[in-house]
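Just one chain follows, in the form predicted alone, and it is written as structure tokens.
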Amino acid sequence: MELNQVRYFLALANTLNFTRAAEMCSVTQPALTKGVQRLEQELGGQLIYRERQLTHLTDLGKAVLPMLERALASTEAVRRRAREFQQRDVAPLAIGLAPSISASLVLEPIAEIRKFVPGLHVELREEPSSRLVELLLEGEVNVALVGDLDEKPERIDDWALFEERYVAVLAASHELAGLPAIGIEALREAIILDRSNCDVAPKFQRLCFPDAPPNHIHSSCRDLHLQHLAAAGFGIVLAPEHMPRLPSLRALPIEGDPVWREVRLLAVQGRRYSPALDAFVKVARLRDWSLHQSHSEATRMSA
């Protein structure tokens, strides 16, 4: 089935006149007639009753008309999008974030590249680190920010951006909130809110809870949900220091700062970068992330 055949049929269905339909399509009437006939042969039935003064659609023609209209509209939409992309009117950038990586980390780099990458369309996607690596290789995301990564394929390039410690986030009314720092023993006796698919959970288990797992009662796959649970007094969230938090929550250091992670930038090695991806990687790698950490610290102190 050729698009011209579809276009000829739709013009004919709209006008019910071969001459006017040919004019609409800027072709001769024989060419239009031949195109419609070929479409009928492919579909295995007549689409138009050709009567001198009463040309009209057959039942098959009426049945396929809406589908062919949608098909032509979709094709034209694809062509428009392709033209926009080629003309750089659209610059897609899909950024993967591991569950414990806050979107706040990438907002300033995105705002910076938007100044010189017109048509920037950003998609933020949250997945476990191992899944992000798969999505990178499949081309579903262009770049990813992850924490510690146990295994990395050779085809993946990675760059260390910065290190940060983990802190205990809890309600101001929590019995431990008045302490300058929370000890490991206190954490072992407290209720720890469980974040599903947390990539740092094994490290906490190894460094802070080697003999018994944390006292998990409540859980969620969303950081905001966990923070609301913490604000309501249901437990403590163990979170990266940079993560934005509800104003009603406090963040206390864990004695000895036992858990740190390195935030890393991943991209596929040897793959041609789009202008948006190239700009993002350069901005992220050259960025002074200590400024972000200083800003986060100031925000926490003023909270």
Partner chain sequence: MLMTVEVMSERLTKTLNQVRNDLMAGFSDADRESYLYLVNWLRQADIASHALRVGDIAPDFLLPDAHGRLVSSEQLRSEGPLVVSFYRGGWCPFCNAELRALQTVKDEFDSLQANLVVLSPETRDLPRQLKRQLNLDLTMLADVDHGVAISYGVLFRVPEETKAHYSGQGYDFGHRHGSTEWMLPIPATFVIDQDGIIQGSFVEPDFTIRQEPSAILSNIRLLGPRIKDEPPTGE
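Each form is matched to the other, and the largest set of C-alpha atoms that superpose within 1.5 Å is called the rigid core. Owing to the predicted nature of the structure, the values given are computational and were not obtained by experimental measurement. Residue numbers count along the first chain shown, from 1.
Just so it is clear, the following notes concern the form predicted in complex with the partner chain, a form of the same protein that is not shown.
*Even though the partner chain is not shown here, does Ile113 get within 4.5 Å of it in the model of the complex, heavy atoms only?*
Yes.
_Taking the partner chain as it sits in the model of the complex, is Arg287 near enough to touch it, meaning that at least one heavy atom pair lies within 4.5 angstroms?_
Result yes; Arg287 sits at the interface with the partner chain in the model of the complex.
*With a 4.5 Å heavy atom cut-off, would you call Ala190 a contact of the partner chain in the model of the complex?*
Residue-level check for Ala190: no, no contact with the partner chain.
*Would Glu42 sit within 4.5 Å of the partner chain in the model of the complex, counting heavy atoms only?*
Yes, Glu42 lies within 4.5 Å of the partner chain in the model of the complex.
*Candidate stretches 214 to 222, 173 to 181, 153 to 161, 118 to 126 - the one whose heavy atoms come within 4.5 Å of the partner chain in the model of the complex*: One stretch meets the cut-off, namely 153 to 161.
_I need to confirm a contact call. Of Leu207, Ala71, Leu135, Val90, which residue comes within 4.5 Å of the partner chain in the model of the complex, counting heavy atoms only?_
Among Leu207, Ala71, Leu135, Val90, a heavy atom within 4.5 Å of the partner chain in the model of the complex occurs only for Ala71.
_in the model of the complex, residues of 1 to 19 near the partner chain [heavy atom within 4.5 Å]_ = Met1, Glu2, Leu3, Gln5, Val6 sit within 4.5 Å of the partner.
*Any CA movement of 2 Å or more for Gly256 between the shown form and the other one, core superposed?*
The answer is no; the displacement is under 2 Å.
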